[in-house]
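Single chain ahead, written as structure tokens, the form predicted alone.
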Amino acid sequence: MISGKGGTGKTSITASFAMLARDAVVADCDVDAPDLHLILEPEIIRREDFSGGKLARIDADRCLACGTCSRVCRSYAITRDGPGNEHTKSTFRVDPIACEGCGVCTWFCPENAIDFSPAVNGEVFISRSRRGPLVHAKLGIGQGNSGKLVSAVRQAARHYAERHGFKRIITDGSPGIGCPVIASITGANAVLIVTEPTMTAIHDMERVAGLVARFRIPAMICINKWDLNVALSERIEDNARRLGMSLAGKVEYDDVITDAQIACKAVVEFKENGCAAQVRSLWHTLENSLLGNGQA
């Protein structure tokens, strides 16, 4: 499940799919802003540190304050405000937030006073939720390499599914077309692109559709809140056909979705008809499509 832009309702639909699916592991791959846990109420049973890169750290006892590290740093992450030692009143220090982990300073330090070790950028969690296993993650504040963290989440979900006999993995991907999205869809059997009837969403839907086509993954379109602009919804359908994608379903705008979110529930467990019925129909369409392709 992906979307070209944020706010299209991708996670709300994923939560409903988690409730409707049988024999599925759910993976929240929107690691920059994860929120499936707000609905599925997970209990963490295992957590692992995630390292997506390295971080430089200057050993104040070995630093001679020559300034070489500061001169070669292109991230402006090194300043002379570290503690003094027997050689100098102040040493250089690496700002861990500004450091991009390139390692140039370690190459040029004449005293080998800079350690370059793996950094802890976040955590990966495996949890029990009220609708089965959930694999999710938390990226540290100001940390990068979210694409690698997405890959770690997907790998953990796949291993859990294989060990415990689950047949499906439902993935809530990141918005956009960058590394986290590529990591979210790589190796997927099918992709559902959730969009909405706005000009921005149409533009971004076409970009992410082009990305999916590059990976030759079967894709379908869901138009969420379709009745807010019927003309644009019809345009989305035309564009989807032109791009070789079929329409999996349309979901109408309904205030009950907000009520369900406030109650920390998926809309399909909060209501029977209206938009909830349309989400159920969307799920059955996807199931039948996967069964028809021998992938379910």
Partner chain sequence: MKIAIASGKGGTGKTCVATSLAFVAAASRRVTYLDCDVEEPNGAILLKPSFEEARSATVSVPRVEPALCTGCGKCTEVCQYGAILSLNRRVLVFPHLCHGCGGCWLVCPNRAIRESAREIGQISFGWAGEIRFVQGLLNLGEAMSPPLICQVKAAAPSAGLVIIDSPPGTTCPVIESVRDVDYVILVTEPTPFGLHDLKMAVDLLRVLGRRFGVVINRARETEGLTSRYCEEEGIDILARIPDDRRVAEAYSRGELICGVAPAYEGLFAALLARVESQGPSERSLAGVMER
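Model, not experiment: these values are computed from the prediction. Numbering follows the first chain given and starts at 1.
There is another form of the same protein, the form predicted in complex with the partner chain; it is not shown, and what comes next is about it.
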Only one of Gly210, Pro83, Pro110, Gly187 gets a heavy atom within 4.5 Å of the partner chain in the predicted complex. Which one? Gly210
Which of these residues, Val268, Ala240, Val31, Ile58, gets a heavy atom within 4.5 Å of the partner chain in the predicted complex? Val31
Just checking whether Glu41 would be counted as a contact of the partner chain in the predicted complex - the rule being heavy atoms within 4.5 angstroms. no
is_contact(Gln155, the partner chain) in the predicted complex, heavy atom dist at most 4.5 Å: no
Under a 4.5 Å heavy atom criterion, is Val120 part of the interface with the partner chain in the predicted complex? no
Quick check on Leu139: any heavy atom within 4.5 Å of the partner chain in the predicted complex? yes
Given 160-168, 216-224, 144-152, 127-135, the stretch touching the partner chain in the predicted complex at heavy atoms within 4.5 Å is 144-152
Of the residues spanning 1-37, the ones with some heavy atom within 4.5 Å of the partner chain in the predicted complex are Gly4, Lys5, Gly6, Gly7, Thr11, Ser12, Val31, Asp32, Ala33, Pro34, Asp35, His37
